[in-house]
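So this first bit is one chain, no partners, the form predicted alone, shown in structure tokens.
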């Protein structure tokens, strides 16, 4: 390590683990129906117990409840909100950043729900750091695994928990060959499930995985059909058009290889699936829900091409 020694960062991690649970800033808003509607729409969750008051009254809950997977949503700080204190993980991640371990990828996320949340409850998060291992040699480069747990409380009662683990790695330096471009620092994960997709990108095709038995289309690709549970699979080539279903404008933190701000969108394809990608060739303030877009295959370096989206369509 450069800015700090391995021994120093291990000592820092051990101290932060010993700190135990640290309460964070309470949620800015209580559990509320408008946010539930936004979330369920974005996730495609049509369960009426989350949004239909009449239906919810007749359910076992007797009233509207929030989707359990929204637990983290209620206490996410949002852009520009001043967080008090910090968590036991912050100093460790900052020390790794300062030592050149600037790459990060999430490796584990496990959530436990104790009960449903009801409208009007206001959550308070509490974080404790639970693990630090490394250095490890990984496919991405040398790195450290950092693990922490977040618990959410309502009026002092624990309602949900999450284990989260990331790999903080030192991006490998690749020396470009004479006449070649600088390698793009972010590489997609390619495996047996996704190889067909990236092969299509190299050929200028936007491929969607299809079940070879029932014909169900799915994205992201996976080993098993969610409809008939078949492992037989093939693909179709999408028309390459769609419309913006939802989007965010990313300002911080900095992302290697990209200039901020930039837009990341969920694009609805006419084939019936959604795909995530950057929106390019327009100003961030010009992007809007429902905007027609067309795929663009952008050459990032001599080896990597990424599908992105630009304004346009039929």
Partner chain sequence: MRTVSEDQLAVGTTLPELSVELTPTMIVSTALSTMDFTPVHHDVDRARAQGSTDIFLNILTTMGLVERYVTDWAGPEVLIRGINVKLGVPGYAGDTMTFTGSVLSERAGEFTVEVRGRVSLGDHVVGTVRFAIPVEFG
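Heads up, when I say rigid core I mean the largest set of C-alphas that superpose within 1.5 Å between the two forms. This one's a predicted model, so the numbers in the text were calculated from it and none came from an experiment. Positions refer to the first chain, counted from 1.
Unshown form predicted in complex with the partner chain; subsequent notes refer to it.
- Interface membership of residue 68, defined by any non-hydrogen atom within 4.5 Å of the partner chain in the predicted complex, is confirmed.
- Taking the partner from elsewhere, residue 155 is found to have every heavy atom lying beyond 4.5 Å of the partner chain in the predicted complex.
- Among heavy atoms of residue 283, none comes within 4.5 Å of the partner chain in the predicted complex.
- Using a 4.5 Å cutoff between non-hydrogen atoms, residue 64 does not count as a contact of the partner chain in the predicted complex.
- Just one of 107, 234, 147, 230 comes within 4.5 Å of the partner chain in the predicted complex, counting any heavy atom, and that one is 107.
- Contact annotation: the partner chain lies within 4.5 Å of heavy atoms from the stretch 109-117 in the predicted complex, the single such stretch among 124-132, 234-242, 109-117, 93-101.
- Taking the partner chain as positioned in the predicted complex, none of the residues of 284-311 brings a heavy atom within 4.5 Å of it.
- Superposition of the core reveals a Cα shift of 2 Å or more for residue 251 between this form and the one not shown.
- In the predicted complex, the separation between the C-alpha atoms of residue 259 and residue 145 shrinks by 3 Å or more relative to the displayed form.
- Annotation for the pair residue 101/residue 260: C-alpha atoms recede from each other in the predicted complex, by 3 Å or more compared with this form.
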